[in-house]
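Okay, so here's just one chain, in structure tokens, the form predicted on its own.
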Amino acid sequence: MTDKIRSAALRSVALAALAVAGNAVFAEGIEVTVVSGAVGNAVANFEALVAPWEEATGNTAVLVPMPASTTDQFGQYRLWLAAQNGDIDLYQTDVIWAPQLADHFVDLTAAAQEAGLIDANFPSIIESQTVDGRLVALPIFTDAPALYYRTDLLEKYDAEVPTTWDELTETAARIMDGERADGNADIWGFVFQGNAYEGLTCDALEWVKSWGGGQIVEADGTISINNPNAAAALEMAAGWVGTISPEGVLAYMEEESRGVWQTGNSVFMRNWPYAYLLGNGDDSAVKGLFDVAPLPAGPGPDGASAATLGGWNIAVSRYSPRQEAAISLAIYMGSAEAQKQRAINEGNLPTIQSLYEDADVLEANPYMARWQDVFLNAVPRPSAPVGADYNEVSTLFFTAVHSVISGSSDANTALAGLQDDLEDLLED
């Protein structure tokens, strides 16, 4: 599809969004604010993303960037919403935040139905953003992490793509040692997200689940984290720090991990889909030299690959004095054409099913077809069973995990304390 045709298609979608939201948005000169985190090139691409909506409406969309840490982002959201801040019209939200923030957001069900977006999206993703029958946020892309690996280095050392964590540990060490012996002193075996924030909850949930250690809090509300398999998984990860992973990984978030990987200084990386497109950019040292696979499995009969389900959505604040224009922009941002633009330009996985058969999307991102195997192993964070307490649950979990991988506590002690803290929080 040519840029001219794509631009025209996007303008038509923007106009359709206007019709859904109502005539009030035709009053030109409205400035609508969108708050969003800053990962990958989403901030840089925002202006191009919303340009068709702006052209169709005469209104302006202004991005308010947030820290890369989703934990810090969530905390700021709660402050603004608790204060009923009318300066922010739309919030870009993580898939896990719907139950916690639902009371502050407009119900988008009717607008989404009129735009045809309810049936167009994966049902499970619409369900994840529906609270007490209200669609509180509209999906804009989905996420699940994968194992990134250097195809050239695996070929050089006659190594297979690891399917278990033991294989990853051994392969990463062997290749790292070999490369360092050849003079590449900066290379590491494996980088991941080890900072004490929501990203570590995602990584550690994958380790624990893959070892058969459960999902922290199970779907029925059972607190399951204090078990031998979970402890073994965390001790495994602690063993990586300073051996196949740099000490600095304890402060890494997504972009720090990608920075090491994209400069060619890691054999393996755990990260989200957006890193694939950037890794093949002209400024990347690993362009054309890597591929992705499902994350490794733990040992034994209970071992299986696990990938934390992610994804981002757009919600309209109840406190916005510009709700009609905000709803119009939300419908546009969740549309097939806007998701297509994100897929092509940012490497984000669409939530609209038809886009996985779209020729332009697959031409730009042929790897997206391979993410199907990753999604088969997707595991949700325990936001549903713990509801409004999720942020506190996650904070307790990633704090305990960080104490283990940083060496300040052993896994058994940390998980016993975590069990007690979760019981105090959830069983009051």
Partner chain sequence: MSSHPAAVQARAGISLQQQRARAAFWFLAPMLVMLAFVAAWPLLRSITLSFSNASADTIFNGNWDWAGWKNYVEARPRADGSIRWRGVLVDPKWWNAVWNTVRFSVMSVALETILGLLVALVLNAEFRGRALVRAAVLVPWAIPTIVSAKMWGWMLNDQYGIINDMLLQLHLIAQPIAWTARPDTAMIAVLIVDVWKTTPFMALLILAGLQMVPRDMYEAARLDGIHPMRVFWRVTLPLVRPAIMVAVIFRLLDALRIFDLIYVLTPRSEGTITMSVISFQNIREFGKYAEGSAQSSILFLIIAVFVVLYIWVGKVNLTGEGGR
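From a predicted model like this one, the values you see are computed outputs, not experimental measurements. Positions refer to the first chain, counted from 1.
Missing here is the form predicted in complex with its partner chain; even so, the following discussion is about that form.
Asks: Taking 4.5 Å between heavy atoms as the contact cutoff, choose which of E155, D302, D72, E357 touches its partner chain in the predicted bound form.
Replies: Selected option: D72.
Asks: From the list S403, S36, N377, T60, which entry has a heavy atom within 4.5 Å of its partner chain in the predicted bound form?
Replies: None of the others qualify; the residue that does is S403.
Asks: Please state whether every one of the three residues W188, Y197 and L396 places a non-hydrogen atom within 4.5 angstroms of its partner chain in the predicted bound form.
Replies: Every residue of the spot touches its partner chain in the predicted bound form.
Asks: If we define contact as a non-hydrogen atom of the residue within 4.5 angstroms of the partner, is A83 a contact of its partner chain in the predicted bound form?
Replies: Yes, A83 sits close enough to its partner chain in the predicted bound form that at least one of its heavy atoms falls within 4.5 Å.
Asks: Any chance A181 has a heavy atom within 4.5 Å of its partner chain in the predicted bound form?
Replies: Because no heavy atom of A181 falls inside 4.5 Å of its partner chain in the predicted bound form, the answer is no.
Asks: For T222, is any heavy atom within 4.5 Å of its partner chain in the predicted bound form, or not?
Replies: Flag for T222 set to no.
Asks: Taking its partner chain as it sits in the predicted bound form, is G248 near enough to touch it, meaning that at least one heavy atom pair lies within 4.5 angstroms?
Replies: G248 belongs to the contact set for its partner chain.
Asks: From the candidate stretches 162 to 170, 137 to 145, 201 to 209, 239 to 247, select the single one in contact with its partner chain in the predicted bound form, where contact means a heavy atom within 4.5 Å.
Replies: Going through the listed ranges, the match is 239 to 247.
Asks: Taking only heavy atoms into account, state which residues of 252 to 271 are within 4.5 Å of its partner chain in the predicted bound form, ordered by sequence.
Replies: Read in sequence order, the residues that approach its partner chain (within 4.5 Å, in the predicted bound form) are Y252, V260.
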